[in-house]
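Encoded as structure tokens, the following chain is the form predicted alone, with no partner shown.
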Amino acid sequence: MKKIEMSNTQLFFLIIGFLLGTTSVLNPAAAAQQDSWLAFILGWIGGLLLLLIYVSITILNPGKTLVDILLETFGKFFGTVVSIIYIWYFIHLAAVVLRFFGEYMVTVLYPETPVVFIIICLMLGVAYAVRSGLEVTVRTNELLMPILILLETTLSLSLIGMYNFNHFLPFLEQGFGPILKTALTGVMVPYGENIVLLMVFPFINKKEELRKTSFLAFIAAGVLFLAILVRDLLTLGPEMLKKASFPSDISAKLIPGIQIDPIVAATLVISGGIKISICTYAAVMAISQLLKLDDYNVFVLPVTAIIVSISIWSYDSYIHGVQWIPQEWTMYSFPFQVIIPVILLVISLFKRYSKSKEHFR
């Protein structure tokens, strides 16, 4: 694991792919209908603050993964307990994303195929990627992500003639409260999920450019997601945007004379695979670090089986899952994404201040 290396360009596209792995099939901001763009921007700002916390933690603890930082901050016993809880969170997040993409493929591509079969096939590919190593995953993502970005950009430009700017109105029809509630969900999903990347950040080649690379990737991802959201809103309308299971797929079908939606579906599934791979990698690597083992491959298949099981039993249907995210997942994720990272940041800053004070003495 010490030999893992990742370039700044690879990290740039990895952050975009990781974030896109959720928003490609689930955009919480759509619940705000014609004000979804405002809810998205507020969530985007909140997500930027979280990213600042995560990056600062890594910079203050150079060369250390999240598990290393937890053990050093909370001690061996409590650090191990919190690390195990985070391992569960990584596994659970992978399972939730896997289920959403399973439902997506069954709905859009394979309506006659059981979702269980789709989930198992997707997870076998993820297991192979994780066993191949982090470098394989980030290089694959580096090749595919520009293609996906180009496809989404082309799709948005092709639909400009169908945009209806009246779909922005009426502005703030339901007041500001629902927008804030939707924005809070948007902070947790997907931006707060960047906490997983604390298991990856230490392996970047040019560590001094971590903050710059992360923020540029975050801004690029936000611009892309906002363009996709506005495209779907102006094309489909606020009611359809809220009610449609996968609005981007419907938008792709509206281009006359070109059947681009299978290509879009394939690339989106790949982005989902990237996110699930990173979550799985973070889980097995954290386990190996706690057990002080150099090879995590022995844990890949057991963790894969657990992810598949949780994915199948996580919720009854896609509709149930969409309702469950803002109602329960947001608060469930809050300690992992906000409370514990803030504690780590405060303690890390205090340690840095104490060391600098001793140095001047």
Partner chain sequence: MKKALKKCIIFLNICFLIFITSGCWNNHDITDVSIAVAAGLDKTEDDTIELTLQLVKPAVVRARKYGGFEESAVSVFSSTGDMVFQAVRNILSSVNKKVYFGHLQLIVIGEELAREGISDILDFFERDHEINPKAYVIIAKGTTARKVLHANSKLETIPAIHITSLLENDIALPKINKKMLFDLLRETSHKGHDITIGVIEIEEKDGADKELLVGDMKVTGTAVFKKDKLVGWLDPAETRGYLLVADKVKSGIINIPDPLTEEGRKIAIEIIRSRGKRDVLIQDGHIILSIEIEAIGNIGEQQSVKDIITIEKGKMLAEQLNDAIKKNVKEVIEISQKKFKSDIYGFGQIVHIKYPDYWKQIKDNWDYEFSNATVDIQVTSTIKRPGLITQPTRPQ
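Keep in mind the model is a prediction, meaning the values are calculated, not measured. Positions refer to the first chain, counted from 1.
In what follows, reference is made to the form predicted together with its partner chain, a form of this protein that is not presented.
Taking non-hydrogen atoms only, E209 never approaches its partner chain to within 4.5 angstroms in the model of the complex. In the model of the complex, at least one heavy atom of L236 sits within 4.5 Å of a heavy atom of its partner chain. Its partner chain is not shown here, and in the model of the complex it never comes within 4.5 Å of any heavy atom of H92. Taking non-hydrogen atoms only, P114 approaches its partner chain to within 4.5 angstroms in the model of the complex. With its partner chain omitted here, the record of contacts in the model of the complex names 237-245 of 132-140, 215-223, 279-287, 237-245, defined by a heavy atom within 4.5 Å. For the candidate set L150, I263, A227, L254, a heavy atom within 4.5 Å of its partner chain in the model of the complex is found for exactly one residue, namely L254.
For the residues V269, I250, L197, I204, the 4.5 Å heavy atom test against its partner chain in the model of the complex is passed only by I250. Along 55-70, not one residue places a heavy atom within 4.5 Å of its partner chain in the model of the complex.
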